[in-house]
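One chain comes next, on its own, written as structure tokens: the form predicted alone.
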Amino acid sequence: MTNSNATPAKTVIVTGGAGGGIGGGITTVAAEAGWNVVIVDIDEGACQALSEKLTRRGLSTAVFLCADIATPGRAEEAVSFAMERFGTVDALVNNAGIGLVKHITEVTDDEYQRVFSVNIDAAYRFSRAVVRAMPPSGGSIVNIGSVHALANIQGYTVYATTKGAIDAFTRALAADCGPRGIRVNCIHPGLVPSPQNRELIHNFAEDVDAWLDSYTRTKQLLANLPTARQVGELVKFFLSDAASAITGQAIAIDGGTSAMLYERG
């Protein structure tokens, strides 16, 4: 017998939610929480793989929309998809993003525009579409930034600029949406283990595990890397009623990297 007084499950849209790193961590934690999850991701194979993995675990509330979030109109399509499937949109995680490691003198206009279109333009469009669709009771948006919004190294000029913009966008959107009961917060992850990051590291380090070990010993205050699941748990907190008094804030989950003045010895 079903409980007619049961609180309906929340529905959250997660961009880039099928990836093997942070996106997959967010989706998995949200599905485990019993939320309806609408994943918008360009990688059809990753969508299928994660869908099968969640189904095997009995977590069947996640649905997938394979799309390039940088294309105008995709945000409205995702909202319509969510409304048709679940009848509501209560939350958004602007997680999808692409990186670029190049000296500014070598970055082409096309590369610059692509990073901005995915990391900034899509977050703006999805936020606008979701805010328009959220119920009168309000909702929550979480933006995934980066420690590169806080401090930097060579080669990250374009990427860091987009993540710095996400940080400012979070506060501005919170100011716009607070009177409607919509909270907006930001998470700045540090180095999170993922297939993509391992591939990136392998471009300049033959032994990826040795490089990661050195990183945790010298670049972090804590000797363990933050995991995709831990980022997902932090997203879950921000989306939950436990964070009902928090908006316009940004927090780093980076093992203490952004708190350091000098490298550890």
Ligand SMILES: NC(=O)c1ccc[n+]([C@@H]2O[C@H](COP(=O)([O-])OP(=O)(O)OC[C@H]3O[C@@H](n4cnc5c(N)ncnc54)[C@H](O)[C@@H]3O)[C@@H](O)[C@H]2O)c1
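A residue's number is simply how far along the shown sequence it sits, counting from 1. The structure presented is a predicted model; accordingly, all values stated were derived computationally and were not measured.
Although it is not shown, the form predicted in complex with this ligand is what the next lines describe.
Visitor: Select, from the options 183-191, 128-136, 169-177, 77-85, the stretch whose residues sit within 4.5 angstroms of this ligand in the model of the complex by heavy atom distance.
Guide: Within 4.5 Å of the partner lies stretch 183-191.
Visitor: Among the candidate residues 216, 51, 240, 196, which is the single one with a non-hydrogen atom no more than 4.5 Å from this ligand in the model of the complex?
Guide: By the 4.5 Å criterion, the partner-contacting residue is 196.
Visitor: Though only this chain appears here, would residue 120 touch this ligand in the model of the complex if you measure heavy atom gaps against 4.5 Å?
Guide: Contact with this ligand, no.
Visitor: Evaluate residue 96 for contact with this ligand in the model of the complex, applying a 4.5 angstroms cut-off between non-hydrogen atoms, and reply yes or no.
Guide: Judged by the heavy-atom cut-off of 4.5 Å, residue 96 is in contact with this ligand in the model of the complex.
Visitor: Is there a heavy atom of residue 59 no more than 4.5 Å from a heavy atom of this ligand in the model of the complex?
Guide: Residue 59: no contact with this ligand in the model of the complex.
Visitor: For residue 20, is any heavy atom within 4.5 Å of this ligand in the model of the complex, or not?
Guide: It does: once this ligand is placed as it appears in the model of the complex, residue 20 has a heavy atom within 4.5 Å of it.
Visitor: May I ask you to list the residues of 129-160 that have any heavy atom within 4.5 angstroms of this ligand in the model of the complex, in sequence order?
Guide: Result: 144, 145, 146, 159.
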